[in-house]
Structures are given as structure tokens and as C-alpha cells.
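Take a look at this single chain in C-alpha cells; it is the form predicted alone.
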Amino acid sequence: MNWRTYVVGWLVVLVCVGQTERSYAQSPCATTLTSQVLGQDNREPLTGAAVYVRELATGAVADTAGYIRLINICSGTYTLEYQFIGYEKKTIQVTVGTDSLVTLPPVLLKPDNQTLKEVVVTERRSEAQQLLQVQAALSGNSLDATRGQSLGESLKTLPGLYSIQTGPSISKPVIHGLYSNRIVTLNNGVRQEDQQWGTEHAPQIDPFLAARLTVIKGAASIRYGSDAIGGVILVEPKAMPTAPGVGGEVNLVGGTNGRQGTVSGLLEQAFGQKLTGLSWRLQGTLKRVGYTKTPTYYLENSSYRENDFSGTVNYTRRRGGVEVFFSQYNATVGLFTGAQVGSLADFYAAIARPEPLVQPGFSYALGRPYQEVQHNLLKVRAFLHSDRWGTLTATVAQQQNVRREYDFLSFSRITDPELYLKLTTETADLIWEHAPVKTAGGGNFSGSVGLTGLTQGNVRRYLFLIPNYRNYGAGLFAIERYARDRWTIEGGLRYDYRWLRAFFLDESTNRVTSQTHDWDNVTGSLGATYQFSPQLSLAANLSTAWRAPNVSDLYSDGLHQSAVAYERGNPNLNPEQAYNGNIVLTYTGKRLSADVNLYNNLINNYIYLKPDSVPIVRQRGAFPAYSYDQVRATFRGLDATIRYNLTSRLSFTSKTSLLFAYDQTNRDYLVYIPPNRTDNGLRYALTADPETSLRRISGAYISANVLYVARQNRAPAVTQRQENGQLIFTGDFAPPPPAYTLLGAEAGFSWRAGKQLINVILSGSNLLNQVYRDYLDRFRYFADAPGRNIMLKIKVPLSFGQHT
């Protein structure tokens, strides 16, 4: 299936949908709720006003025109609390039915002329709301449906998002074809710094920490620093509690494939009276997964274990506040032993063999080869607020990432890993958001200025893959936004400096040598949105971004244990320079909602791992070899989402992602680029409205979807030839696998047992047990992808005392 087929098919879907418009309705959790917040005294928009949805423990902040937008709201009755400094708090009740768009009348807040009491901020503005760039988010029921999956797997449900995998247990997100160091992940407001350069180094973050996952698609270097060529992922926990009392939730997840068991709990409390503004939260997760099963056999040693915990103490008053957060992530990941071979002949045989030679039964056993990862994060954030000057926020954090990789055979002492890496990172951010400035013409300026800094040190032991190094970085940025009538315009500038020194030991002389690089760059962005009507808007953004080569790009030289590959760096690499543009058309009507995003990303000096012509043989076996190379590359494509309400209870959703990447330097295609895909599904609400539903069960629904992933035909041609008795590969070590189609289904409901609410979701993936291999799976050379998996997810919210 080529791109023309996709476009034609998509248009056919649109036409068919349009012809079947008879009545409208909405899936129970797809309503968008909007309102404008104005001052009762002057009818001016209250930029930065907050709304808090009491029943969902979530909220939003008004933009520069005073508009608030809450998405993915389920049917039901909600209590909305509006707040703005200097104005009285206002609470209203709203009943959300089956409409996809609910526009509330303007909410007028009355000026508070009395002596202001202490005001507790109940919802902070999402980091993403400060930018006009293309965004997608998972929260509420959509996020609950992904519980038990890794961060990379969870985000695959969003259009334009993919994941690159190393077997069934390691998955890392891909945005518009870009991954690893080209994506910045913010964990609770702190830039995640682990060994993210490897494709088998999944983000070391507990997904249960998040109440919302936001993805900014496209270059976002101005706000988040260099490297963010591909985009940004924001992992945001829910706001700390403010109502006195103790609350929390328990999540239980079970899966048939791998016989997964996961339990995650959260307990929190806010104090009242003399301790108003003080709150705390504890959270933890335990996860166990055994051997993954393809449709016909188990993958030996694909077990997985994870233990995580975090704690937060927060104190917030009207003029300022401070928060201390600590988290620890621990994972032990078994690596499929079928990828371990002893000779070139074994390597060729393993690639040619349709199934692994060893096919054991199910087990939770986890032995060599495997990787152990521990990631600690300590964050302190404080802010000061002034009505006149705005808000000044300072964040300092330290992270320590320890990675131990154990080979199939022990080449160190038997209890030692073959590869040990400890990365210590300190970051500091100081950001000033000035108070909104109104102009005589009715416009409104808002913006921020920030200073960021980073220090990093990496220590290695045992076998060599990358050297020890020190890394320093600093950045200064400014972003300003102007809103008037239907226009919003945003521009930004940033300057970054990077310094890297790598240390090498000459084993013959025992002398240490070093090599030093430094780079700097200026980047900019300009974006605008125009609101044609409350339902239709158009947004466009142009931006530049850059990424300095990291130590693995420059100096890798060794066996990457968990990737089962030999990697060679290139010390002559230059920084990547990206020029990104995108345009988005969004429509949200009562029956039809859709958005189409076109993007183009030109990257000069694009750095990637290129397969070598000959596998490499070392003491412990034969392995595919890769070398870092760089070319001029383009990434262009389309993301489209359509949601249409066929009847009052039945809705149709289509998500399509097309991506075309090209190596302009060699006039060829690039390896490991995601193939085109489309995901189409139907959802039926068994209860039209919780108010009229059965006494104990509400929000019940069933859904089914069909995912089609095309064969990646835009990949380098793969050939083999004999030369002097040696088998020479070109393009890759195996051609891209065929296209595949997977059937999925989901059902969910809320059950009220006495006063206790219990949310239940039952989901299934690859229900037809389809045999397939994915082009982005590093183990696709040796084995099939996972087969059928049925997962049961139970969420039990807890509330004690006055907690809400």
C-alpha cells in the first residue's frame, strides 16, 4: 500500500462518514469542554485563570484570550472551580452529555474587594500550554486504558507516535521518525537524563506516575533546549491535593501474555487549619512479566521485573511555594537468548531460520543476558508570585543513572557485569513569566525568559563501549506571545552552548588522554493560530533546532551487550541542524471532529547507525555491526485523526500516520524509519448517560479496532553476495518484514460497590494471534513479535475524610 492509496482511502472514509450523518452522539470520554473566563468588573479575559474539575482531580489554565479547554471528558456531572488571583472563587455544576463539544457561557469572576485570604493554587499550568506547537495528550480514561504498558507502548496510541523496540520488553518512543537523543522527556518538570542514546535503553520512568502524557510534535528547542529536534514528551503527575483529608488510588493490572502482574498504589494527604497549603504523596509500583509468547512459541529469557517508588512534599501559599520530589526506578530486563550466536555461520542461520532453535515453555526465570537499571531523581522546585511582576520559578535537580549489562557468558568475574555505566547529572532552571500586559488595542502580551544549565559526568567499568566523559551545557531563551481577537502569534529565540570532554586510557602506557569539543548555536521559532470559528482553527509553526553529537555518536567502539550489536562511533561528526515546519487544521463539531497535521523536517548532518557490510566476530560470538554516519535527510508526513458519531451511542475513530524519510546525500532511503499505518475503530456506549444508567454500573462501553501497518518499502535495498569466501551485506542484514494487520478490542465500566467506585477495563491486542514481525524491532532478525494478549485493569480510587 503506497501513500496514494492511504490518501484515497482516507478520503473515502470521509465521504462515507459524511453520507451516513443521521444523528449524532459521542463516545463517553471524548467531549471537549470550553469556556471563557472574564472579569465581572471590566469583561476583560483573565489570562492564567485556573479551573479545577473536582471529580477528575484535573484542570486547565486559561490562555491569553481567557479561554479554557478540557479534553477527553466523559459523560457525567462535574463540579468546576474557577479561581484567579484578586477575584472570588466561583463553583458551578456542569452536566456533560453525548455532545463532542460543550461550550459554556462566559464565566464572570467577581473582584475580591475584601482582604484576600490565603489562596491555594489547585492546578498548575501544563508546560505544554505555553507553546503553540502541535500537541497530543493521553489522560483520563485514555491513559487508564494503557496502564501496565511501558511509556513507549502507551504513546503508540497517538497519531504520529511509534516505538522502536529491542524485543518485547524494551520500547522507546519515536516521534515522526526521530528517537533517542532527538526527543527530550520531562519527568515531572525535569529533563530526563539517562543513557537514552541506545535504542534498547527505554525511558526509565514509571508510567503510573503520570496523570497526563503530553507529546509536542516537532522541534521544540526554544523552551526545552537543544536536542529537541523530534519533539518533547511531558510526563506530568496530577496536581497535589488541596482539600484536607487522605486519598489515593490502587491500580491492578494482569495480562495473559507473559502472565504479567502489576500493582501500583498512591496515597496522599492535604492538611487544613494551621497547616493549610501543606501536602504529601507516596507512590509505588511492582511489576512482574514472564516469557513472552509469539503466536507459536515462547521467547526464552524475555522476563521483566520492575520496582519503583516516589515521594513528594509540597507547600504552596499565595505568594510562593516549594516542592521536593524524589523517585527511584529499578528494572531488570531479560534479553532474548535467540539473538545470541557463536559464529558467523550461526548468525546467518539464525537470520534465515523462521523460528528460534530453542523454544522453551513458559517461565518467570531471568538469567544471562540481562540488563539492570536504576534511576534516581531528586528535584526541588520553588516559586515566587507577584501580581505586578509575574512568577519566578527555580528548579534544581540531580539524577543518577546506573546501568549494568550482563553478557550471555561472563567475561568479568562471575558476579560482575560486562558493562557498567554510571551517569550523574545536575540541572538547574530559572524561569520568569512576566505578568500579562494589555495593549490599548485590546491585545494581550504574555511570555517568559529562562536560563538553563546542565552538568554531567559518566563513569564506566569493565569492557569498553563509550569512554568516561564530562559534559556541560547552558542556554538562555525568551518566548513572547501576543493575542488579539482571533489571532495568536508566538515567537522565541534561544542561545545554547555545549562542552564535552572524553577521557581515554592507553592500556600500554597506562596514560589518560582526552579529547574536547565545544559547540554553540542560536535557534528561533515563529508560530500563529487563527480561530475561524469556535469549531475551526488553523495553526502553523516554523522553527529551527540543533543537536550536538553525544559521546556515543563520537566514540562508541565495542559490543553493545543488550542490543547484541557492535557499534563504532565517528569523532568527525558535526552537529545536526534542523529546520522544521508544520501546519494543523482542527475542526470540532457536534458530530464530526478532525485534525490534520502536515509537517516537514529538514535535518543537515543527520546522525544515524548505518549497518556495516560484514558482521563482526569477537571472542564471545558473531554480531551485526553498525557505524555512525551522517547525511542530509528529510522527514515529511501527515497525521490525521477523524472522529465521527454515527448514532447516539456509536462512534467511529480513524488515526492515520504517513511518513516519508529520505537520504538526500546518497539519494537513498534511511534504515529504521517507521512504516505508514492506519488504526480504525468503532466504539459503542452501552449506557447513554450515567444519570440514567443502571444503579451500580455506569460508563459502560465496548470498542474494537483494526491496526494496519504497511511494509516499509522505502528502506535501503538489501542484497547479499559472496566475496573472497565472505558474505557481504548491503542495506541491512535482512529485508523489511511484510505488512501486517492486528485486531484489538476493549470494554470498560465503572462499578459502585456501596460508596466505593471501581473502574474496570478489559482489553485485548492481536486477538487473531497474527504471526508478524515489526520493522522497528531490533530482534526482528531472529523472532516473531508477541501474540495474543488479554489485559484486565482495575482502578480503585480511595478517599478518607474530606479529601476529594
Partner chain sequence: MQPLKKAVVFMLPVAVLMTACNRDEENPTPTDDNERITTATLSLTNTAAPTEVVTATIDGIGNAQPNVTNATLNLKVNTTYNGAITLLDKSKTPNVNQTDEIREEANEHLFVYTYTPATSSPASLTVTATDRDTNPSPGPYPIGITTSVRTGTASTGNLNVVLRHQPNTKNGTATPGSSDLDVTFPVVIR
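Positions refer to the first chain, counted from 1. The model shown is predicted, which means the values in this text are computed figures rather than measured ones.
There is another form of the same protein, the form predicted in complex with the partner chain; it is not shown, and what comes next is about it.
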Next item on the list: Identify, from the list 615, 621, 447, 675, the residue with a heavy atom within 4.5 Å of the partner chain in the predicted bound form.
Entry: 621
Check: Here the chain is shown alone; which of 470, 438, 696, 110 has a heavy atom within 4.5 Å of the partner chain in the predicted bound form?
Finding: 470
Note to self: The chain here is shown without the partner chain. Which stretch in 179-187, 390-398, 542-550, 697-705 comes within 4.5 angstroms of it in the predicted bound form, by heavy atom distance?
What the structure shows: 390-398
Item checked: the partner chain contact at residue 288 in the predicted bound form, heavy atom, 4.5 Å -> no
Notebook entry, point to check: Wondering, does residue 486 line up within 4.5 Å of the partner chain in the predicted bound form on heavy atoms?
Noted result: no
Next item on the list: Flag residue 418 as yes or no: does it have a non-hydrogen atom within 4.5 angstroms of any non-hydrogen atom of the partner chain in the predicted bound form?
Entry: yes
Notebook entry, point to check: Any chance residue 571 has a heavy atom within 4.5 Å of the partner chain in the predicted bound form?
Noted result: no
Next item on the list: Could you run down 455-493 and flag each residue that has a heavy atom within 4.5 Å of the partner chain in the predicted bound form?
Entry: 455, 457, 458, 459, 460, 461, 462, 463, 464, 468, 469, 470, 472
